Structures are given as structure tokens and as C-alpha cells.
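Shown here is one chain on its own, the form predicted on its own, set out as C-alpha cells.
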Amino acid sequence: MGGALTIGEVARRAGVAVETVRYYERLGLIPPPPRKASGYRLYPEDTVRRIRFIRHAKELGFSLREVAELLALRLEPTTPCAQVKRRVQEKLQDIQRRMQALQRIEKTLEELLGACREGAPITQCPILEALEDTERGGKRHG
């Protein structure tokens, strides 16, 4: 199946909204299509593959800036695979750091919930007290 696609066809095939296609175009993640004499802009089929690449990379935690870097590497045939591997390793380390931070937050929230005395008046709420203490630089949970 060859040929040029309307923006709606690109969006449908790539599983995104039309506005997403326009947004990626504005960011330079996909090249703008040429405008036909009729005024319609028709995208090459490769645009669908490129948007799917962007979506998948985003699902794996890459920012749009990082996706742009990966796309640039992908377009340079002399780029060694090790450069891509290094970026993926960095992303994995970033994800692991974020997971550790989320685990600390989870532990703190569980401790706060455990400290709750449901029958106590709001003025004695240990959760609110703990949050106020943290803001003042006092006792920190976790």
C-alpha cells in the first residue's frame, strides 16, 4: 500500500489524534508534508511509522526532547548502536531513581495513614501535623 495520506488517515493508522500529528509537526518530530495544488497536505506513509516510534518511545518514558534525539540518531546511518544503548541505559537509571522515590513516597503515605486517629478532631490530625512539620523543616517521615 503506497501513496500519500491525509492527516486524518495518518492519525487513524498511528493511533493518535489529528492534533497530535499537528503538534509533532510543530515540534519538528515529523517533517511537514508538501502542499498539493489542491491545497491539501498529504503525508508519506513513513509518517505513520515515525509517529508509532514516537508513541512507543514515550510509553517507555522518553520525553519528546529525548525522542527527537533518538530520531536524529536513527536518521544518521553512521550512528553506532552504542549511542542509542547509552541513552536507553540513562533512561533506565532515571526510571529506577523515580521508582525509588515513589517507593519512599508510598512508605511515607502508608506511615501517615497508620498514624491517623479517625476519631480525633481535625486540629489533632497527625497527617496534617506531619505535613506542616515537613514544610517547617521539622520531622520528616520516610
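Since we're looking at a predicted model, the values are computed, not measured. In case it trips you up, residue 1 is the first one in the sequence shown, and so on. Between two forms, the rigid core is defined as the largest C-alpha subset superposing within 1.5 Å.
Keep in mind that the form predicted together with the DNA is not shown, yet the notes after this line are about it.
- Interface residue remark: Gln83 is not counted as part of the site for the DNA in the predicted bound form, having no heavy atom within 4.5 Å.
- Not displayed here, the DNA is approached by Ser63 to within 4.5 Å at the level of heavy atoms in the predicted bound form.
- Although the partner is absent here, Gly39 is a contact residue: one of its heavy atoms lies within 4.5 angstroms of the DNA in the predicted bound form.
- Although the partner is absent here, Lys107 lies well away from the DNA in the predicted bound form, with no heavy atom inside 4.5 Å.
- Here the chain stands alone, but in the predicted bound form its contact with the DNA, taken as any heavy atom within 4.5 Å, falls in 23-31 among 83-91, 45-53, 23-31, 98-106.
- Relative to the superposed rigid core, the position of the CA of Pro34 differs between the shown form and the other one by less than 2 Å.
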